[in-house]
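Next up is one chain by itself, shown in structure tokens, the form predicted on its own.
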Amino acid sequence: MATIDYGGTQYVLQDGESVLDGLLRQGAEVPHSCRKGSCHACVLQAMAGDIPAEAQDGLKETLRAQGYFKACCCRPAGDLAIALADPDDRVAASLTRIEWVSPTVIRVRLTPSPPIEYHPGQFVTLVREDGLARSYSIASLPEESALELHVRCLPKGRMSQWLAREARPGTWVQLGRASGDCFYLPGDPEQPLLLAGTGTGLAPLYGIARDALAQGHTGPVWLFHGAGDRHGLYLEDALAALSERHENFFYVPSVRRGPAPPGIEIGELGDGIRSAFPSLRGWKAYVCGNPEIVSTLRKQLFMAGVASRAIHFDSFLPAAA
């Protein structure tokens, strides 16, 4: 069994146990969220010992070289000495505005100090004063004054309920570095883009679409946003206005269950895409939201002709309790 030296305290892992699970089981405080390797909230730094390769999957080469690893994915074969990630990797940020944009979603704007570098569509980890951490996708553009996040408020969501009910403008939090590879890169401005997502999967798609248009993308940009019912849709006016300003941008809202007013399709998101575009050969696609829906859409888009390397995706895993 491996022994972990964390802040000068020794923690013994059980067989097959991850570093994160072992530390939490024994009362250590470690920022974490999804516990599945996606959010990067539990990234720590190894000071001594060997890190399994799978614990560094998805991290930048520069971070891997410095010994950073995802604690939730790390099941070491030997002893480790580890520490929290360099505090310089986080910046302070002040909440500037919190508003409800649907019965279950709030839009959170905050100002990092100093500003952070990011691509719209990447995600950041927001850390509360007590160490509670959650990751959210970025909907804003770098040139905008505030960072914009969309947060689905879960009935027992510790972070989301705090943001919605207790946090106020002026409250300070911390932000980790922006991560993820689901974002727009210029290079083929005429290529058709398809953006599809459900729920707060709209956040990265909203950022990616506006980023593409701001960078002069001239090919068609179609954004399909789905929800269970009418109340799950949001930012409809902003997206309609974006469509009016850009003749190559098209917004298609849909719900699985009616009723719905004119202009909103009823049915499965994938069916609506397939009906509009039986063939998507030559397109680039971005898919975000619920993991099951993301998985289904990726398969459908591939079957419709989108090359697998041209499908970028971000699955939103719920935070563990």
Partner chain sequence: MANVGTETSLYDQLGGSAAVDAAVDIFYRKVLADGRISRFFDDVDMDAQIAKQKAFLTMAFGGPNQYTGTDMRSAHKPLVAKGLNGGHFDAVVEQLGQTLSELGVKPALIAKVAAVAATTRQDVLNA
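Numbering follows the first chain given and starts at 1. All of these numbers come straight from a predicted model, not from anything done at the bench.
If you look for the form predicted together with the partner chain, you will not find it shown, but the lines that follow are about it.
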Does the partner chain get within 4.5 angstroms of any non-hydrogen atom of L20 in the predicted complex? no
*asked:* Even though the partner isn't displayed, in the predicted complex is T9 close enough to the partner chain, meaning a heavy atom within 4.5 Å?
replied: no
Open item on the list: Is it the case that R298, even though its partner is missing from this view, gets within 4.5 Å of the partner chain in the predicted complex, heavy atoms only?
Closed with: yes
ask   = Might Q14 be said to contact the partner chain in the predicted complex, defining contact as any heavy atom within 4.5 Å?
value = no
In sequence order, the residues of 279-310 that place a heavy atom within 4.5 Å of the partner chain in the predicted complex are S295, R298, K299, F302, M303, G305, V306, A307, S308, R309
